[in-house]
Every structure is written in C-alpha cells, then in structure tokens.
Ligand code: GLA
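Here we start with a single chain on its own, the form predicted alone, put down as structure tokens.
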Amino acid sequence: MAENVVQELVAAFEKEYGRAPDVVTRAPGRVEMLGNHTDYNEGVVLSVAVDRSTYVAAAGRSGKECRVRSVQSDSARKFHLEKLSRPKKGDWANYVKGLVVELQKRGIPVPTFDAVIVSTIPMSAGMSSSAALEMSVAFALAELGGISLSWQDWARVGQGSENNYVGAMTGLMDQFSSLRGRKGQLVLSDFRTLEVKNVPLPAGTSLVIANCMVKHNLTGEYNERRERCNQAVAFFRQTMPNIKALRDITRADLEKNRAAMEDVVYRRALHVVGENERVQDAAAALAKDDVRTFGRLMFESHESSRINFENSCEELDILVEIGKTLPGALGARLSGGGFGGATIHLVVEKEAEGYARALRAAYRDRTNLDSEVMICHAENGAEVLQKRSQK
C-alpha cells in the first residue's frame, strides 16, 4: 500500500507544481495501548506506531512564500515565512506553520518550500494524525534545510507547534510514538527521563482499531483535564514540597488525602496514578508473555477513563462493551485523548477478521453508525523514503 501512496503523492506534487519533489517522507499514526493522559504528568506510556501514515512530498523554492496542498481535504494554503504570528483557528495548516514558528524560535533558518500531503490515517479518530503530519513535515524540512536535531528535539518542536500555535496542551507521547515505532514492537516511553524502549507485541495477537465516528476537538476538554492534574499536584505540594508531577504521587497518597481533596481533582489524579501503575504492570506481564493480564489491564484502563477521567463517551463505551463479548477478545479501551475517536482492541490473531466484522455490525445495530474498523500492525517510525539525489 505504501508504494501506491507514494506514487499518488509524487504524481500530485508534479501536477500541482510542475516539477518533481526533492524529498518524500512518511510518519505513522499511533495508538495508545496504556497510559492515558500520563505523558504530560511525567509518567509512562505504552503505545504503538501503526501502519497508517502521513506522507509528504516537498521541494525548496525561492522567495518567502510557502505553498502546501492536502490531497485528503482537496485544499491548499499559502503562507509567508515571516508573517506567521496569527494562526487561523481550526485550520489544518496550523500544524505545519507551527513547526516553522518553533524552528524559528530556536534560531533555525527554515527553507521556503512547496509541499503536498497525503494521509492514510483517519482524521479525528484518536490515532494522532496531527503528530504524523508534524513529524513527516519535520523530516522533509530537515532534508531541505540541512537541519540536524535529535529525535527528542524534533518531538519537542512538534509538541510546541500544538501547545503554542494550535492551542492544544498535548504532551510528547504522540510525537515519541511516531518517531520511535518499530515493526512488531510496542513503544514504552518514560516522560520524565525521556527514555524509550521497544517491547515486543504478544505473539499471536492483532490490533483492531475501531473509529466510533464521533469527531472530537481536544483543545477545550483536554486543557481542562490537564488543569485538574495541575491542581492535584498543587494540593500535594502543600505537604510534600518535593512533588514535581503526578508521577510522584502514589495511590496510598491519594487515599490518605481523599477527604480533603475536591472530588473531581481526586478522580482525575486517581486515573493518572492508576494508569502509571497499569503501564508498569503491563510491561511486567509482557516480559512473561502474559497476554491475559495485559488485556485485563486494558479493560481496567477504560473503566477508569469512563468513571474517573470522564474522557470517554457513549459510543466508545459501546465499542468496548461489544468487544468483550466477541470470540478472540483479550482487551479493549479508548485510545488517545478521548471524547470520541477510536478504541483499540487486542485480539487473538486468528480471530481478528471475524472480530472486526462482528464489531462493526454490532456497533451499527446499536448506534446506527458505520464504524471504520481496521486491523493494524506495528510499523517503523518516521523516515525519509526518497531523496532527489537518489533518483
């Protein structure tokens, strides 16, 4: 599939700009397996880069005006490299412009460029199409401008685009996953140390991703949840001044102070603290090839999202409920920020096709919505696919 997408992309670039691209890049979307909203709390996350990606073809050009076209939205944008102070709310090009601004903040010259974007990642489905776009554009700009940054710094540039330009206070998990994915592996990220390890996916399993078809805009709800986490940290700092983030708080700390905490702050913190525990327990289970425990932790994670963090929705809950009843079910939960988007299902590999069909049919019967259900595999992280000099 990737080869066909690249051919489509290059043809679209040549049609749009009348010349061949200098570089073609790819960056995958991601699915969060465990560790919901833990990244910006300096916690740990298990994620996976999937075989759905955003591809960018780009070439340098003269002047200061950049041109970018999205094949999926059939829309084009132009912007001046020195006139980016006012983002247009809700515009997909903000993710590209934000990258430019973040590089400029660091004193890094950004080349003027033409680009065409093609993506196989469903939009607003909790698979982080935004980070995939950012990292694919980042790798293209690195080639065009001779920009040399560590992968951690590229991740921060992508995060800065979202935090400072788009206005979503996201953490680093999406960019880390898109950059550090490995075929057949999960990504275990520690967002305090910024260490990343790859953990093998359990043998004989498949990932089924189901888009609930409810679109979500993370900015408002996401920022509110993050503020509640900050409030919990401020509460504990009154008596535990060395606390830096929810990563430093235990379940025992929470229970000891529950009566003194605002209930909503307690529940938001309980979710994050519990997720950190579940990620550690899951990593230990995977080391023993204990897929049943891993799946159980996924179900527990969804319940915590539903009750404590309240970032699920009826449609996501229905997908998880249906999944529990199907042959081959091992675990299921919402993935990503929540408030719509997708669920991730860990399934016995030989049952995956039937599971996906049954999930889609049952969901349609319950909601009258046609879910986009995909069987996905763990894929490598962002990469340069073609350079002009190689042709």
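The first residue of the shown sequence is 1; numbering continues from there. None of the values given here were measured: they were computed from a predicted structure.
Unshown form predicted together with this ligand; subsequent notes refer to it.
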query: Residues Asp39, Met173 and Tyr222 all lining this ligand in the predicted bound form, heavy atom within 4.5 Å; finding: yes
query: Which of 24-32, 55-63, 324-332, 355-363 lines the interface with this ligand in the predicted bound form (heavy atom within 4.5 Å); finding: 24-32
query: Gly340: touches this ligand in the predicted bound form, heavy atom cutoff 4.5 angstroms; finding: no
query: 4.5 Å heavy atom contact, Gly336 and this ligand in the predicted bound form; finding: yes
